[in-house]
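Quick setup: one chain, the form predicted on its own, written in structure tokens, and binding and motion questions come after.
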Amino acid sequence: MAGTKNTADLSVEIATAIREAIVSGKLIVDERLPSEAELASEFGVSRPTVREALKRLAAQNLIRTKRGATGGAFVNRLSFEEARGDLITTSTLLLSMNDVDFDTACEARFTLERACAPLSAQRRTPDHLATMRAEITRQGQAGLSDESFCASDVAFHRALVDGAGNPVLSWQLAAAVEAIEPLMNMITYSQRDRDQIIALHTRIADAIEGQNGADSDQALADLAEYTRSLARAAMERRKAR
């Protein structure tokens, strides 16, 4: 395996092989990996190369290390909360690097969130509702900066999504709410009427509290259309300059 490849290439190959073993279930959660010496022998490389591969896996939260006689490297249990951050970062980079147009991003974000709204209407907890109401109140504060308003906007929709009570949905929609929405806000913030946003958010919260999935879906549809109209206005202003 060593051949003419450099240490970095070899460490990536080893990390990929171990990662695939974890994903396929050959290595299960909390299982101890072979020692550095055993891995070095298995892959035909030096122990420093194996060590570098293990560092890569630890950086991805796939393994954890423990010192002492009973120590070693163990398969980690990756949580949805930990994976959420990685997904948001990757999604933000993909959107910014690939120049995704506004309508495409808007369609993706609201289609996903509207699919989640009826579940949230049925399953939301008092805490989810309290968060949504608190963010609406915050959005109405005098002197609130655009940056803080945008952060509150994200928090409001995060509570709506989390109210569905489905960790897989919350994880998958993290990109829609926490990666796509901030990019959308960058284009629309100068055009929007905060009072109208607050009114739409209030309609959504009222529908969720009343366990009315159809009304929450319609309110989100209206918010999507309003958001598109803001983007169109922003684009027209840029053309006019």
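Please read these numbers as outputs of a predicted model, since none were measured by experiment. Superpose the two forms; the largest set of C-alphas matching within 1.5 Å is the rigid core. In this text, residue numbers run from 1 along the sequence as written.
Missing here is the form predicted in complex with the DNA; even so, the following discussion is about that form.
Q: Heavy atoms, 4.5 Å, the DNA in the predicted complex: which of 159-167, 117-125, 71-79, 142-150 makes the cut? Say which one.
A: Going through the listed ranges, the match is 71-79.
Q: Asn61, Ser35, Thr202, Asn212: which sits within 4.5 Å of the DNA in the predicted complex by any heavy atom?
A: Exactly one residue meets the criterion: Ser35.
Q: Among the candidate residues Leu230, Leu220, Ile22, Leu10, which is the single one with a non-hydrogen atom no more than 4.5 Å from the DNA in the predicted complex?
A: Checked against the cut-off, the match is Leu10.
Q: Under a 4.5 Å heavy atom criterion, is Lys26 part of the interface with the DNA in the predicted complex?
A: Flag for Lys26 set to no.
Q: Check Thr49 for me: does it contact the DNA in the predicted complex (non-hydrogen atoms, 4.5 angstroms)?
A: Answer yes; at least one heavy atom of Thr49 falls within 4.5 Å of the DNA in the predicted complex.
Q: Indicate whether Thr65 is a 4.5 Å heavy atom neighbour of the DNA in the predicted complex.
A: So Thr65 counts as contacting the DNA.
Q: Decide whether Lys55 counts as a contact residue for the DNA in the predicted complex under a heavy atom distance cut-off of 4.5 Å.
A: Residue-level check for Lys55: yes, a contact with the DNA.
Q: If the two forms are fitted on the core, does Trp171 show a Cα displacement reaching 2 angstroms between the shown form and the other one?
A: No, Trp171 moves less than 2 Å.
Q: I want to check Asp215: does it shift between the shown form and the other one by 2 Å or more at the Cα, with the core superposed?
A: The answer is no, as the C-alpha of Asp215 shifts between the shown form and the other one by less than 2 Å after core alignment.
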